[in-house]
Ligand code: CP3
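Presented as structure tokens, the chain that follows is alone, the form predicted on its own.
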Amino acid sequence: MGSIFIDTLNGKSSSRPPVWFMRQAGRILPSYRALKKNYTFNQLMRDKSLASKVTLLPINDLGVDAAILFSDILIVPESLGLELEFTNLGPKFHNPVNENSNLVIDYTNFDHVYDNIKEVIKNKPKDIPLIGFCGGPLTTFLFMFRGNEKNKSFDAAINFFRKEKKKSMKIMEMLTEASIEYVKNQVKSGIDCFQLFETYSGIISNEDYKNFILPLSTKILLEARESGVPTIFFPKNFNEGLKYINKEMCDYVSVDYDISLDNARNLLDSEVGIQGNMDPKIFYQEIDEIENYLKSLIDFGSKNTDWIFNLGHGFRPDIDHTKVKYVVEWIKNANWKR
């Protein structure tokens, strides 16, 4: 039995769009929260049997069409020698970057992820593909300056980028180099698809992102493609900048909820597929309102067979997972007029 997710990525049309969600492996799932009572986030991420279990929870609990590896984007900057801690208020680095930081890549920092991937492959259903990922160069760069988990701003990183452009680019080139090796070995370990999360591309202007960062993001995406897996790029809040993305860079683009699917489709290269863009806040509405939203997507879904249903950003922790399951079942059972 094939995978509707991989078939869609490879250009085959099907009777409905595939469905999976960013941040599906945790947060909203009671089964995940039960595990969190006994294990820290870091323990769940670094133990292969636990990481495999969490990765596969949404397959059983929600019925999604793909699994995404349970990991974190910050293990790439951690590989550059930053001491990472996941606190209850969010991640922080005990030795955040400054202009005197001496960064060296330690590739062994990724070894546990490759073990986790192999464990998931061993345990997952044959027809469920596994998505690997890493963070984009700008997004991971921004977090490298965070030494206080209570301060959620990226002002220190942005100020450094403005004042120390050459040093900033050198750091992002190192992040890119580490990410390329990381992606290559994720593919070797068995992932079926790769997504690059550039969650904060909108923090700088479209032109700056296009000129300084997009070439680095493209290098990472092309490494995955050249290694043999389809690619998805998620440049959140890039919006009008989507016109700069083409098939030479990636196979699919995931779009956020600040841009309509129709507008995104018009801006994107026609050969690039599209993923997204449900606003997670819709899950706070009543079921009939959620159904009305889903019905409004039938027209787009009937005309665009190169579309994957997903969110415009990850789940919020207090979303009711039963409503998410309802959405998955609705998508699977609706007549998409294809």
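All values derive from a computational prediction rather than experimental measurement. Don't overthink the numbering: it's just position in the shown sequence, from 1.
This protein has a second form, the form predicted together with ligand CP3, left out of what is shown; the following refers to that one.
Asker: Candidate spot 41, 73 and 199, all three in 4.5 Å heavy atom range of ligand CP3 in the model of the complex?
Answerer: Every residue of the spot touches ligand CP3 in the model of the complex.
Asker: Closest heavy atom of residue 281 to ligand CP3 in the model of the complex, within 4.5 Å or not?
Answerer: Close contact is absent here: in the model of the complex, residue 281 is far from ligand CP3, nothing within 4.5 Å, heavy atoms only.
Asker: Within 4.5 Å, heavy atoms only: does residue 133 come near ligand CP3 in the model of the complex?
Answerer: Because a heavy atom of residue 133 falls inside 4.5 Å of ligand CP3 in the model of the complex, the answer is yes.
Asker: Against ligand CP3 in the model of the complex, would residue 26 count as a contact residue? Criterion: heavy atoms within 4.5 Å.
Answerer: Residue-level check for residue 26: yes, a contact with ligand CP3.
Asker: Should residue 86 be classed as touching ligand CP3 in the model of the complex when contacts are defined as heavy atoms within 4.5 Å?
Answerer: Residue 86: contacts ligand CP3 in the model of the complex.
Asker: Tell me, please, which stretch of 212-220, 165-173, 73-81, 115-123 lies within 4.5 angstroms of ligand CP3 in the model of the complex when heavy atoms are compared?
Answerer: Among the listed stretches, the partner-contacting one is 73-81.
Asker: Using heavy atoms only and a 4.5 Å cut-off, determine which of 274, 59, 69, 294 is in contact with ligand CP3 in the model of the complex.
Answerer: Filtering the options by heavy-atom distance leaves 69.
Asker: Note which of 91, 96, 190, 230 lies within 4.5 Å of ligand CP3 in the model of the complex, where distance is taken over heavy atoms; exactly one does.
Answerer: None of the other options qualify; the answer is 91.
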